[in-house]
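Heads up, the chain below is alone and in the form predicted on its own; it's given as C-alpha cells.
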C-alpha cells in the first residue's frame, strides 16, 4: 500500500491498522483511466492511499489525500467497500519500497503490520488534474483501465470493485461527477455512459431512459448553423 508519511515515522497520531485507498478514475475523450503510483526502483505499482489521524474524520482524510494526489478540491468522493481479508496482508512490498529508499525497517515497523483499508472512488476529468506522487513514490500517472500494470497486494481487486460500484450506481451519482460542461447534448451524455459501462448503447432507448429519470432539463438547441439538425442541449436538474 502506498501511503503519505505526514512525518510520523513510527505511526504516532494515526489510527492503528486502518488505511485508505482511492480509485481515481479519469475520464476524457471516451477513455477511462486510473491514477497509479509507481516505485521505479522496485517495479511496484499501487493506488494512491493514506492513513487517518486519531482526531480526523475518515472522509476528511480521504479528501485531503486525493487533493494531494490530483491538485483538485471539488471532487465527488465516496466510500464503496472495506477490504479486510487476512490474505491481503503482505509486508514484503512495503519492505521493498522502504529498502529502495535507503531504510531497512525492523520486522515490527508500523508500516509492515496488517492494515484494513477503506476503499473510495472518484471520477474526474484527468485533463484538469495534476498528478503528484507522495513522499515515498517516484511517479504518479494515469493508466488505461484496460491496460493496467500488475498491482501490489489486492489493488487490482479494489479497482474491480470500484468499477462495479460505479457501473451499478451511475444513474444516481452522475450529477455529482462534474464530467460534462454545464450544458451538454444527449450524445455527449451517452458517450460517458458507454465509456464507463464498456459497451455500446442503443441511442433511442438511452434517450428514453435518461428523460424518464427526471434528472435532466432541456435548455435549447446547440448552435451549429443548421437549426433543423441541431441537437438539443440539456443540463442536470439542480436539487
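These numbers come from a predicted model, not from an experiment. Numbering follows the first chain given and starts at 1.
Here the subject shifts to the form predicted together with another copy of the chain, a form of this protein not shown in this document.
Another copy of the chain is not shown here, and in the predicted bound form it never comes within 4.5 Å of any heavy atom of residue 101. For the chain shown alone, residue 186 is not a contact residue for another copy of the chain in the predicted bound form, no non-hydrogen atom being within 4.5 angstroms.
In the predicted bound form, another copy of the chain stays beyond 4.5 Å of every heavy atom belonging to residue 111. Although the partner is absent from this view, residue 29 stays clear of another copy of the chain in the predicted bound form, with no non-hydrogen atom inside 4.5 angstroms.
Partner contacts here mean any heavy atom within 4.5 Å of another copy of the chain in the predicted bound form, and among 148-156, 67-75, 133-141, 164-172 they occur only in 164-172. For the residues 18, 230, 219, 215, the 4.5 Å heavy atom test against another copy of the chain in the predicted bound form is passed only by 18. The partner is not shown here, but in the predicted bound form the stretch 93-119 reaches within 4.5 angstroms of another copy of the chain through a heavy atom at 114, 116, 118.
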